[in-house]
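A lone chain, given as structure tokens: the form predicted on its own.
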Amino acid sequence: MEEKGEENGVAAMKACYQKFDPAAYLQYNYTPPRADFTRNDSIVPWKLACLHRAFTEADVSGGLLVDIGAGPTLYQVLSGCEVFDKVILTDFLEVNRQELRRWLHNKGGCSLDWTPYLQHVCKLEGRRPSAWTEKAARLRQVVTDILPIDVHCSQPLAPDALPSGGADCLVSCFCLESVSPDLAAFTKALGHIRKLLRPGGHLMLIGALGESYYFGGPGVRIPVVPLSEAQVCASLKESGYTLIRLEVYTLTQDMRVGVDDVTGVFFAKARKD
């Protein structure tokens, strides 16, 4: 009976996402004030700094980085694409995969200009902001695929999607808590994606704290598992990860722009046991 309820909860979440609007979502979350690169206390610069530090630490290396549930965004692999030779982007929704392909194939029509993001990460790396064109070319070169994924499946990707040894690193941002009906499903999804990772490989996880909903488009209210720091740590441990570091950002009042009820954001760096 419990399993049936879980299936129904997951099915309801998937139904919510059929109305997801990538352009609106990007406008809500990836423009100022949340993406104000002149401010150190803006959410997006904080996330980019966490990712930059994690991807440039000596223990993170290998050939393959996989982004779990990329949505319509690219910021989460801008540092990682310099460390790994191959990047695979994944998402459940075809509309998001189309958005990513438009940028990747450089044909125009993208819903967001990623240039300020590329410039900012270049600055974090000690390069001139004008080097953003080189970073964009690097990202387009190393992204080899954009694949469908379902984190609620025991095998989230097609069987032949990854090398038999698994990925060297996973990055996942605002995905698992946003597609899970409850904490148990969130924890189970963490375990599912762990199967994609080689032993000793790393997970970079960013997510919302205290969030019960967000808008995925005009009038498209999507429920979220409201996580605490303790729950994030417990779920990682239960799913077979060793937590290396947890960092937390608390939203200032002007970052609460009415598109969700998030109170904070966490960044976790963990390793597969």
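Residue numbers run from 1 along the displayed sequence. Note that the structure is a prediction, hence the values are computed from the model and not measured.
Just so you know, the form predicted together with a small molecule exists too; it's not on screen, but the next bit is about it.
Using a 4.5 angstroms limit between non-hydrogen atoms, F37 is distant from the small molecule in the predicted bound form. Although the partner is absent here, S79 sits far enough away that none of its heavy atoms falls within 4.5 Å of the small molecule in the predicted bound form. Contact annotation for G201: none of its heavy atoms lies within 4.5 Å of the small molecule in the predicted bound form. Although the partner is absent here, V66 is not a contact residue: none of its heavy atoms lies within 4.5 angstroms of the small molecule in the predicted bound form.
Proximity to the small molecule in the predicted bound form, taken as heavy atoms within 4.5 Å, picks out 23-31 from the listed stretches 37-45, 23-31, 58-66, 233-241.
Proximity to the small molecule in the predicted bound form, taken as a non-hydrogen atom within 4.5 angstroms, holds for one residue of F186, W103, Y117, F174, which is F174. In terms of contact with the small molecule in the predicted bound form, the residue from I88, L112, V151, L197 that brings a heavy atom within 4.5 Å is V151.
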